[in-house]
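First, one chain by itself in structure tokens, the form predicted on its own.
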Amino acid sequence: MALKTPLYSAHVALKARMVEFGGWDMPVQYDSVLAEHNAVRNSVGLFDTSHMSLFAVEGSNSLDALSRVVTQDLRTLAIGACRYGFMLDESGGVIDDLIVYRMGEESWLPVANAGTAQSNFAWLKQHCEIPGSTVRYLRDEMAKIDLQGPAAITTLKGVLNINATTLRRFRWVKVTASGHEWLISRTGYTGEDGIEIYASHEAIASAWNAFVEAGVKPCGLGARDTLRLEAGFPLYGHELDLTHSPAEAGLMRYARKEEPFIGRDVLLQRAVSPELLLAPFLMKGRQTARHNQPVLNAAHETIGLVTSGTYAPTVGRAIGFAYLNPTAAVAGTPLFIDNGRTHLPAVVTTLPFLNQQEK
């Protein structure tokens, strides 16, 4: 049976279309994906992200322990800041991508994906549950919502009376307002300005209702996917998985620390001559590519597989990602997508997709 976030009944009351995602019952859309997407791009939208995996790693040895399993440099991370990176296995494959918050000198909040929660917890327990370091799964203690869009900061102030105007990107602050404690983070997964809000289940339910009553449009997984893809962000299980490393995904900038971490030596070897590279592409027509569809070269020979594809409302084009032979992963390379019925023309492009809006 799928898990339910603290906002499940609110989604049902709003007549959201619910789907199973990562082991959770989640809203895929309320109104329409297009309307929700446009709300975030032009004003503000609200997402339930309580299905995400939240962990606490704490103790005198927590920095050393967590540094061994995270690709980013945590030693230079200030209290009040957070950083995006990966957990890798010994072969350099991605166990998950995550954001790590430094909560104190000996306290950390790794935030990862929903479908990998149990494997993430097991990995963290295996490598970080040592003398002087403990690991807890925070699902029963904290929930999370995202307020995203150019009006996010003003909406946060107007509804919860929280002023985050001076909060910089990838910084967080704890505040008390509206009778609750909140962790406010200037981060997101949409390509827009925005805030991620962490609090108790009760507080999150109260905030959700307050935002909806104030007219903020609730948004589902459908819009979350079109928004993140337009912004050029990877999705675990699509662009990232155990068979691909940050080297193939073009994300080595998040794994450059000199300090040893699990998978580092193999990752550096893979980065020298990757067998595949992740490439963004634009479709020539409005038909979209789908996950795992074959990608063909001009001679109609298979050279890779699609990882994600969608029609991008803001760009005005169908877009996608694919793992390709490195010689083909060059901007301007013509492609064809085999959808099982026909070969759809496409071309390798550059990121972000949002720079390539149809004129």
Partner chain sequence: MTRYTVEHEWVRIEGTIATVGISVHAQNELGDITFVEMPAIGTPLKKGDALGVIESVKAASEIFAPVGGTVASINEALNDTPEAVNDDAEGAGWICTLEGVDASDLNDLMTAEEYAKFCN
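Positions refer to the first chain, counted from 1. What you are looking at is a predicted structure, and each value in this text was computed from that prediction instead of being measured.
Missing here is the form predicted in complex with the partner chain; even so, the following discussion is about that form.
Comment: 30-38 is the region of 30-38, 297-305, 43-51, 57-65 lying near the partner chain in the model of the complex, near meaning a non-hydrogen atom within 4.5 Å. Contact check at 4.5 Å (heavy atoms) against the partner chain in the model of the complex: all three of 17, 286 and 341 pass. Residue contact with the partner chain in the model of the complex: residue 226 places a heavy atom within 4.5 Å of it.
Within this chain, residue 290 lines the site of the partner chain in the model of the complex, having a heavy atom no more than 4.5 Å away. Contacts of stretch 308-330 with the partner chain in the model of the complex, defined by any heavy atom lying within 4.5 Å, are made by 310, 311, listed in sequence order.
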